[in-house]
Structures are given as C-alpha cells and as structure tokens.
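In structure tokens, one chain follows: the form predicted alone.
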Amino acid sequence: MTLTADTIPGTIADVREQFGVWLHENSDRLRELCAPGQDVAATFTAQRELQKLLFDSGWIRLGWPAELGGLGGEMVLRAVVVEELCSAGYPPPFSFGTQEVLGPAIARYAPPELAADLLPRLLSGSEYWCQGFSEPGAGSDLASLRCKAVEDGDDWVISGEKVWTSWAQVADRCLLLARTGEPNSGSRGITALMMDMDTPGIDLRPLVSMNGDAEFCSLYLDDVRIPRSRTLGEIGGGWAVAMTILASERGAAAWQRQTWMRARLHDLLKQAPDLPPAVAGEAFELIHALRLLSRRTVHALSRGEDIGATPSFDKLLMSTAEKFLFAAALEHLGSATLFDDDPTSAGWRNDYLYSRASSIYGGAAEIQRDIIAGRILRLPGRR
C-alpha cells in the first residue's frame, strides 16, 4: 500500500486501521531495520532506510505540504503513525524527532526555494541534520551566545564554538544560531543559518557521554563561509526561529517520547513481576499525564495554533516521567541491569543513564519552571 495525495486517510481511526495493515505486510523488513546496530554508522544507515521505507510508502509524508515533499492533510495523522509504529514494537528512530523539531522551522522561515530543496531530503532520510545552538557559557541561556557571523559579499563568515551538538558526526547539515548584532545585543542580535557540514573550516570533535555513546560533539568554526541565501527568517530574527524549534522540541517531540515510554513501561511490567503496585501506578500516571499534555500540544500544532509557552509543561513532565520510570527499572530489575552485557540489561542501563539528561537537554528543568512562572502564571521575577 502506497499513499498518494488522493488516498490519504481522512481520520485518525482510518490511519490506525490502514497503517496497521501496512505494518503487518512489512513486518519482516521492519524487524530487520529496527534491530540494534553494531555501531553508530550501522545504526544510522538502518534508520535512514527505515525512514525511506516510511517516506516512500507515504506514511511520514502526512501533514507536510505537497510543495515540501508531503501529501497534505493534518499533522496529527503523522503523530498517530509514530504512535502505532511504537505500539507494534518498533521504536521510532531519533531521526523522526529531528524532522519534527527542525522541519517546522524550515517550512516557516526558510526561503521557499530553499525549503522545497532541503526539507524533502530530511523527511525521506536522504539527509540527517543537527542543531547548533549551545555554546560553552550559553547552554540554556541562548541570548548569551557568542559564535559570530560577519557579512562578506554574498556570504556569512562564521567563527566560534558550539557544544552538545547531537550526532553532528553523521549530519549532512546544521541549523546554526550565530550573533550578527553587537556583542551585547542579546536575543535581538541572533540570526539562524543553514550550514553544510562538509564546509571547510569545521573542526568536529565527538564527546563520549556517561552511557558510552559519542552522541554529542563540539564544533569549532574557523572562518566558515555560508551563503547569505541560507539565512532563515530575518537577519537578527534568529530568536523567533529558535523559539519555534524549542516549542517543537518540547511539544511534538514529547509525543514521540511518551509513546516509547509506554512501551518501556510494558516491558518493565513483564520483566519485573515483583514491581510494587504503587511504583507501577506512579509510572503509569506520569506517562499518561504526559500523553494527555502532548496530545493537546499535537492537536494545537495540527490546527496551526500558536502554542506559546505551554510546551514547557510537556518538557517538565517528560523529564519527570522518564527519570521515575528508569529509576524504578534500575531498582527492581536486579543487579544484572548494572553489570551484565546482554542486550536487555545493556538496554535498561543505557535508558537509565540517558534519562538523567532529560532534565537538561532542550532547556533545563529550571528554565521550564521560570517560563511557566513568568509567562503563564505571571508571577513576579527575581529581585
């Protein structure tokens, strides 16, 4: 079954039914592509093939405009596809998160010809992109970033450093924030640019995190030239691009995360029969509260509404639920989770270690509380 613009399902129930048939028909290939990779390169190769399979069949083209490689329809239909994929035992690859985090900003802020050229490559798995936001001294405080972009003819010339850039070593492009205003111009002097990762002047150094993955990288940029035609939005208007990306990361991406956490809770209940009912109930309550919050966000995004600061609730609850779930797994699955190297034990250990970062990436928990206090509850700021 291959979807076209004339045959896209009209309702969420139709997506669940038709995609379920497709999952059954393609189960052998899906099991092969979702098997753990031997290394980062093998994992990304399999994930790109999985994304291509879903793109070619039309399922992850739902909700994107036709001129950007989509089939049209509502974005919520695509969210249901991810949920059904995970419910069938196929964890959504993290490249799905990238397209949900960066894709909407490209569609909204890139020049139309640039968006039409680049976005289909991301959606189809032909390319993987990374996000160049954080810097030493400017992680959650993006307004303090110092990476500099200077105009030179038809180019921007970039100098500076980025850090905590996820999977930059396998990325084809980077959505970069750079300062084009005065050093003290804060959020008003930032511009968003699209940088090819094979551009001369980029020195990339992987950073190994405590789970053993070299997920993060430092990027040292020395007179890197980016065509001015790769500017996203207005010059000096990068803050709006960044806020769109962070809202997507804290909102739509949380939907994917909760589908995966529901599957892992199911695994935990099977593998830890002595899990106290109170612990299981708390995990269930946290994950399903997140599901309701992110469901609200996904429907609002699908209707094209401005979701403002509300995804901060999603992000805060996402990290709370994730930390609780994997702390419970570590405590009740036994010492094998700590010491054994079989795939199941290693998987739980990796998930526990990664969950510790969930209250930092995408905006620290303290930042989310400040946003909720100031922009939603209208509480007075610090004196």
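In this text, residue numbers run from 1 along the sequence as written. Bear in mind the structure is a predicted one, so any value in this text is a computation, not a measurement.
Omitted from view is the form predicted in complex with a small molecule, to which the following refers.
Between the options E74, E215, E84, E127, the residue in contact with the small molecule in the predicted bound form by a heavy atom within 4.5 angstroms is E215. Exactly one listed residue, out of T231, T165, Q258, S248, brings a non-hydrogen atom to within 4.5 Å of the small molecule in the predicted bound form: T165. In the predicted bound form, at least one heavy atom of Y354 sits within 4.5 Å of the small molecule. Looking at A364, you'd find a heavy atom of it within 4.5 angstroms of the small molecule in the predicted bound form. For the chain shown alone, G237 is not a contact residue for the small molecule in the predicted bound form, no non-hydrogen atom being within 4.5 angstroms.
Looking at F133, you'd find a heavy atom of it within 4.5 angstroms of the small molecule in the predicted bound form.
Note that among 165 to 173, 188 to 196, 299 to 307, 264 to 272, the stretch whose heavy atoms approach the small molecule to within 4.5 Å in the predicted bound form is 165 to 173.
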